[in-house]
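Only one chain comes next, encoded as structure tokens, the form predicted alone.
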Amino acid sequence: MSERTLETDVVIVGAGPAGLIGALALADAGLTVALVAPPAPPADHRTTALLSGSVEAIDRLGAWTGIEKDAAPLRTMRLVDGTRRLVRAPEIAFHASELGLEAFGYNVANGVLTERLGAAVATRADRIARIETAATDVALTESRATVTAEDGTVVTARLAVGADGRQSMVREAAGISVKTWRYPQTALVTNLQHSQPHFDTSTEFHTETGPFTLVPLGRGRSSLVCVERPAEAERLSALDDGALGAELERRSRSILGALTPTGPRQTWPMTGLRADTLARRRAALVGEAGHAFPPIGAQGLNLGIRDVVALAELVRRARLRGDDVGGEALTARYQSARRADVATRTFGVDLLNRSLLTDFLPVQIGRTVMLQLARDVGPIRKLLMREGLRPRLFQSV
């Protein structure tokens, strides 16, 4: 191992989708970028529903063409109350055509998404230096950010971006504290083939143990996220293909006909995380380094993509003004720009998830009324759809 030193405007730790999109966005904003992360992330057989705002951002960066051919459109979003409680919410179907859109977004396998974004990063080698090894140390001072990689590379920059997930090394180096919480739930994730068409419709059943969601993944294929009590999720995961397919068909009310599991099964404990601030001491957090919550309403990665888009725009403005792209003014603007969006999404997803788990009647009534308004009151309905897809990024800038 030999030591080499690299100096850039920005260093990003983490090469999941948020880190890769961040590298592309910051490079396009005129910055030199170093991306520090191993080339192959841990196996992830989940999928991500990229909402239209995220698709537009990726397209502007020139990376969508390589992803689109393996992405399934989501033209209808359906919510079904699958509980057996006294007070039940009405079924709701939102159609992209109501907003004049071709689709609300597209569902794509995480492995495909990461691979294609990585290929796009490789085409920016003049502005993005890829250090394909893990970071071992992050040091932050008033004037510089320094990241040391496992291969001995030392990167110095004016701004460090933490795209390194829930156990973020960048967040720890910045001294940012975090609030974490757990839910009595585990998500079972797998992919399915089915005998009936999905008609480009994503269906989310709300049950007493959490959401049961089927998302299109191509013709005759869908991805599944089944949130259950931990013991039940493990029991389901251990079933053979025939028994699991029959159980999932029953739970889905046979809307897709016979179901056949086609991929590996993974279970994920449901937890939540929120950093006290998204920026401090020449560090900015994006994605799950700054916020994480259950997979409800396709908000997780889409929120992280809004982080990197906002950060890149603020850095671009700072560079054009001749300001320090990692200074206190920049980090304060980033925190201010993202605070409301992150707080609203975190609170909303947490509230909806907890409302499914409680038997407290007033909560059930409130949830039913809220969903009834979303179904029947046109202005509220369209406002919810628009804000879900394209919330305003710079309310506080």
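Throughout, we count residues from 1 along the sequence that is shown. These figures come from a predicted structure and were not determined experimentally.
Not pictured, yet referred to below: the form predicted in complex with a small molecule.
**Prompt:** So in the model of the complex, does I255 come within 4.5 Å of the small molecule, heavy atom to heavy atom?
**Reply:** I255: no, not in contact with the small molecule in the model of the complex.
**Request:** Please check if V11 has a heavy atom lying within 4.5 Å of any heavy atom of the small molecule in the model of the complex.
**Result:** Judged by the heavy-atom cut-off of 4.5 Å, V11 is well away from the small molecule in the model of the complex.
**Asked** Do A134 and the small molecule share at least one heavy atom pair within 4.5 Å in the model of the complex?
**Response** Yes, A134 is a contact residue.
**Asked** So, in the model of the complex, is L259 in contact with the small molecule at a 4.5 angstroms heavy atom limit?
**Response** L259 lies outside the contact set for the small molecule.
**Message:** Considering non-hydrogen atoms and a 4.5 Å limit, which listed residue (A283, A157, V121, A187) is close to the small molecule in the model of the complex?
**Reply:** Of A283, A157, V121, A187, the residue with a heavy atom within 4.5 Å of the small molecule in the model of the complex is A187.
**Message:** Can you pick out, from G272, G263, G300, G245, the residue that has a heavy atom within 4.5 Å of the small molecule in the model of the complex?
**Reply:** For this set of options, the contacting one is G300.
**Message:** Only one of 229-237, 321-329, 162-170, 195-203 has heavy atoms within 4.5 Å of the small molecule in the model of the complex; I'd like to know which.
**Reply:** Going by heavy atoms within 4.5 Å, the stretch is 162-170.
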